[in-house]
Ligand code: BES
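Next up: a single chain in structure tokens, the form predicted alone.
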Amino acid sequence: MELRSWSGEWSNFQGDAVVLFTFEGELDKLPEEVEKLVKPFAEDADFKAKKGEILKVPVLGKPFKRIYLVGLGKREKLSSEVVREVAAKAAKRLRDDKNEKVLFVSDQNLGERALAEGVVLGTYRFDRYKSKKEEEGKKELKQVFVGGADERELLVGKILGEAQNFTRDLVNTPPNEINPETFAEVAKKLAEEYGFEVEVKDPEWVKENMPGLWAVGKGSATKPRFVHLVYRPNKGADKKVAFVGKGLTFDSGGLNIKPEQFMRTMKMDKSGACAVLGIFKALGELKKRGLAPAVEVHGFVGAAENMPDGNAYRPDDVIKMRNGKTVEVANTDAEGRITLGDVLAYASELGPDCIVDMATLTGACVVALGEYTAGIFGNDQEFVNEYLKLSKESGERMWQLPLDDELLREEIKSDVADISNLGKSRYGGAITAAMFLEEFVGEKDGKKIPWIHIDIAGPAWARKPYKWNPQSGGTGFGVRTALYFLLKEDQNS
């Protein structure tokens, strides 16, 4: 899809449609020519311009075929999240109505990045495995022009939206196609396309160097892989940022096997790892256009399948992890934290300035915060505050949960090892899981590396369409907030 600025008069636009945004209760403030065209239709449809409300009006005597009025809701509630949501709904409607070339017009500064993200995210669909495509025969939305827009911000928004869609595709790809080996191949192809450094460690290396990752994945016919991607800016960097993603390409629960209703959709347990690749997809596209941040970025993924067989790890096993700490296995379905422990230890050894991990880690976080909000934890409050602020800009909802409850920390103590991979009770499960991960974050210059853990178990998967997620399935959650952070770090360098 092409997204570009438009400097001409809207009435002279040669295309399929012109889209005009308006606020609730402000139809009379539309340009006089527009008001005359749409007023009878608006009255007949009782159009109020509520958020996301759309009115289509046929037009004669113009170089375009129709006008769409799109409601922004109440003026005082306008935000980048509203713009993104409304743009997504408008773009999907425009595509479904077979428009190919359209113009978006507004006398408001709606924010080009959010608008572009919405357009790209709202037109996403995953129909790769349908023999007869749902949209077969329909036209695609090919060109979107935005009146008076900043071209750079439009391009950044487009790239970020496309990176999230790339992540959605990976999450939605079934486990018979993406396993630890083929996931590593995706990372290699990404590196080759954009010139990143990439290192993929084979099962023998994993067995010798990442005992936790090996334990979780050794029961699968496809053994674990470790992936390390590196983006280096052309002119050097003052900061080094690490992203760690949970890469369970499928999670059966292992010997503590999941009930059927919880095993379904477990292809999404790789969402954190897919988000890491999505971040690098965006960095590659930004770099091609001279827009990439001057920040060194490392991506780490431990990819595994948690499967039950004669080689599978067991409850009561004790694993000596990469950093020397011992873990008692209380439940084989609490596997993500074990794989992440080794990867966090490895990432720490490279001495980054900060680490962000993303993982579909606990059902407890979904119980606590619902399906649309991620839990965020960290050992540096300033870092957490900055990330939370950026998540509000990106519209990826996050809520901080505590890490300082010493009574809860007692829950992961083990009688036979340093720590247990499961709390003694089910209460506070998202917090005790984060506390487990904290044990594997290392130091730099004698101080703990600033670290954030984002439990994306809820928002990584959409049960039904909402906001800029036009269909059920993988959402690509976490990609854009990470990129907002990197682009801001570039400005601060």
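The shown structure was predicted, so the numbers you read here are calculated from the model rather than taken from an experiment. Just count from 1 along the sequence shown to find any residue number.
From this point on, the text means the form predicted together with this ligand, which you will not see here.
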Which single stretch, out of 277-285, 170-178, 217-225, 335-343, brings residue heavy atoms within 4.5 Å of this ligand in the predicted bound form? 335-343
Interface residue in the predicted bound form among L422, M307, A237, V241, criterion: non-hydrogen atom within 4.5 angstroms of this ligand: L422
Heavy atom within 4.5 Å of this ligand in the predicted bound form - the one residue of K258, K101, K188, K207 that qualifies: K258
Do I431 and this ligand come within 4.5 Å of each other in the predicted bound form, heavy atoms counted? no
Contact label in the predicted bound form: D251 to this ligand, heavy atom within 4.5 Å: yes
Under a 4.5 Å heavy atom criterion, is N331 part of the interface with this ligand in the predicted bound form? yes
I454: heavy atom within 4.5 Å of this ligand in the predicted bound form? no
When this ligand is considered in the predicted bound form, the residues of 253-269 having a heavy atom within 4.5 Å of it are K258, M266, M268, D269
